[in-house]
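One chain is shown next in structure tokens, namely the form predicted on its own.
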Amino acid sequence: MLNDEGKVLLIRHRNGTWVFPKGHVEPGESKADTAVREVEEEAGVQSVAIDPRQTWQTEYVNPRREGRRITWYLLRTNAREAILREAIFPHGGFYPPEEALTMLAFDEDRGTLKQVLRAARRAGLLPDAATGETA
């Protein structure tokens, strides 16, 4: 999720980890619709998927030892701040890409963010310097 300033939306779980909003697909809902809905529910931010055909995936095992596969989308918003609605996520906001990369708790999320930032730059949504990559 990027806003029109090129900043990345992150939320902090009550356990202290910084993550992207995500959630479960509801019956009759597409994965892209789920992404948009979950961002709104967890961060109070309305967004649109730039190209629902372009996705990234991560896989992990959660603390309950359940395997999870997450499909990510490049979402865009004109919001400048998050309006957190769930007690499980007490903090969040929009952060410059370089800062977001240092805040994210999981290597998989950092790798996904780097890929999404490259795609956003190719789509003209970010200047070259806003990729979180160094030369």
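Throughout, we count residues from 1 along the sequence that is shown. The structure displayed is predicted, hence computed values, not measured ones.
Keep in mind that the form predicted in complex with ligand ATP is not shown, yet the notes after this line are about it.
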{"item": "Close approach of residue 22 to ligand ATP in the predicted bound form, 4.5 Å, heavy atom", "value": "yes"}
{"item": "Distance check, residue 63 to ligand ATP in the predicted bound form, heavy atom within 4.5 Å", "value": "yes"}
{"item": "Residue 108: touches ligand ATP in the predicted bound form, heavy atom cutoff 4.5 angstroms", "value": "yes"}
{"item": "Residue contact check: residue 68 to ligand ATP in the predicted bound form, 4.5 Å heavy atom", "value": "yes"}
{"item": "Options 79-87, 45-53, 96-104, 22-30; stretch whose heavy atom lies within 4.5 Å of ligand ATP in the predicted bound form", "value": "22-30"}
